[in-house]
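Same chain, two versions here, written out as structure tokens and called structure 1 and structure 2.
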Structure 1
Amino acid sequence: MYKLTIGEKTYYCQPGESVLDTFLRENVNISFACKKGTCHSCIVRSPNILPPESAQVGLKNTLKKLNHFLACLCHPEQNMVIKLPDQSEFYTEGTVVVNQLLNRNTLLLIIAFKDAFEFNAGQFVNLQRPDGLTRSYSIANIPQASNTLEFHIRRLPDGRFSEWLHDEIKTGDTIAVSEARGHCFYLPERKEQGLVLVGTGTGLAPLAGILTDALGHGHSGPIYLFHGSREVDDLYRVDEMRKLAEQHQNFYYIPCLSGKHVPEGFTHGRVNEIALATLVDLKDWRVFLCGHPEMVNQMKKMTFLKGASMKDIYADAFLITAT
């Protein structure tokens, strides 16, 4: 059992626990969102000893050098002194400039920044509430001259963060936003490659950014977007996507509904099954999967079996963290 020291306080990391587990058990005020090394919101620092290598996976070299590490991935190998980061190091204040509903349960939030915000379309950021509650949300636009980021937020019943955004946040409010993270984005190379984008619900957010980016770069291969939900009222941006499909002859938009009521112009069935039935051979295709974790995991396997190479499969599972 190793000692973890923060300032004057000492905590004991039990066998099998991560540093994050210990801190949460002891009610230390530390932010986290994924508990699996993806979101980087649990970043802390060990000023005098090198943290285990496995707790620094995916961090930038500059942060590694300063002994920053991810508390959720750290299983201590010796006693550690730990510094919680000054949050302002990692978060920028943005101002909400648009706050309106895209459909009955999805909020369009546009946040503006003073300075340019660096990101690739399709990446995500962590938003943080003043009490420290942190959640990841995907960026839905491409870099703008106006330094704005667009988000699509689905209201989850009793979801702490999403209800707060829906019910309490107003235009003019400021909100803390982390740097952009994640590997699910478009690279402007092999432009003749086929692209298949599959998303459920607000999984459309990163896919919309990726789509805009690909079209903007003059991607010439076929681009298929499959967007699914149960009912037609839970889809959004349907008309905009149809219009894009009219304007770009290599872009195909297939809105899918798994519920009973399927109006004209929509395909009946689960989005993953329809995508797989439509595209028979995915050899040499690039695949983007966003949204429901089960859909994402199942599709990673299925698109691989249909010939897509692992390195061409990009995915963001919208995991919900159990707390």
Structure 2
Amino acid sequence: MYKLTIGEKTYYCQPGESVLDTFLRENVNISFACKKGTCHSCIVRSPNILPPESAQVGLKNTLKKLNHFLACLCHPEQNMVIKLPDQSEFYTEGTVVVNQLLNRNTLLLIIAFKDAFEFNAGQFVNLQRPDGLTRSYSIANIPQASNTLEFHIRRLPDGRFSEWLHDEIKTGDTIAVSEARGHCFYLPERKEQGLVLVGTGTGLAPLAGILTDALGHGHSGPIYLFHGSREVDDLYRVDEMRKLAEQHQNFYYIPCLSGKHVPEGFTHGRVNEIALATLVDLKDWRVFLCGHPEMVNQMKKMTFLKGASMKDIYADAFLITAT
């Protein structure tokens, strides 16, 4: 009989019971459906204990790395601390060390921490104002000795949080930052595998981190980055990406513009259409999609139809919240 701890409460898993069985018996509020590991409704996480391998069947590798598992398939082999998806997040205080514009409406915000901040490039965190208003933003850098997080934040019309960051936050100010979340990140495995990264607007933020991580780990397969916007003034870090493409023979950078004015060196069209036309067969490729929800959802379907396995499609759709 093993102890299952959620916050300050402890439950005892009886012999032969799964974690889900125990929680249902104890009236713990947990999502579930099939009870067979098919629907993934009962996915939970163990922050400090590696779950049994049998409880992670069918999960993406990035979820496995973060110790996520299916409660219905988990028969504990030791005492476990378990975090449910709806549990309150832990926030830590960071200090703004960089606050400058990347283009006419995108802010480069870098936050530093006294202690090491654990994350994987491509994950996201929640930033919180003193009044409790909270928004999610993707991390744009890889873990560094400086213990910093980099964000690319677009100013949204009537966006209370983005306008606050653009107009009021200054270097030296502090801000509350949640634990890193999300499973859209690179794992240094199958280094010969092709990678395709497709993003719109500030969708470049997580993709830039994923790209840096892959190149840093010596990924040898082809890497295609498609970054799209309507106008050239809304793209950023174009020269930096072109320089990376010159330095790495396996990296290809395609900046895409859907508007009427397309300068030399840019590709005309919607970023998703250009990506799909460029890469006809995506069998055995790993796919990362970040940006506008409509683009992300459409590309998840289309890349699957072009041969990519659902286990190899990682998506991070940006939700826009205004006043």
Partner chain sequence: MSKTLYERIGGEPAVSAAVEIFYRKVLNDYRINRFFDNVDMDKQIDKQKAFFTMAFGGPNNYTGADMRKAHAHLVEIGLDDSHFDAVMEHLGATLVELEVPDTLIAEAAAIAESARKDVLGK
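Bear in mind that the values here come from a model prediction, so they are computed numbers and not experimental data. What we label the rigid core is the largest C-alpha set whose atoms superpose within 1.5 Å from one form to the other. One-based numbering along structure 1's sequence throughout.
The second of the two structures is the form predicted alone. With a cut-off of 2 Å and the rigid core superposed, D173 has a Cα displacement that falls short of the cut-off between structure 1 and structure 2. After superposition on the rigid core, the Cα atom of H75 is displaced by 2 Å or more between structure 1 and structure 2. Here C13 counts as shifted, since its C-alpha moves by at least 2 Å between structure 1 and structure 2 after the core is aligned. Once the two forms are overlaid on the core, G58 shows a Cα shift of 14.4 Å between structure 1 and structure 2.
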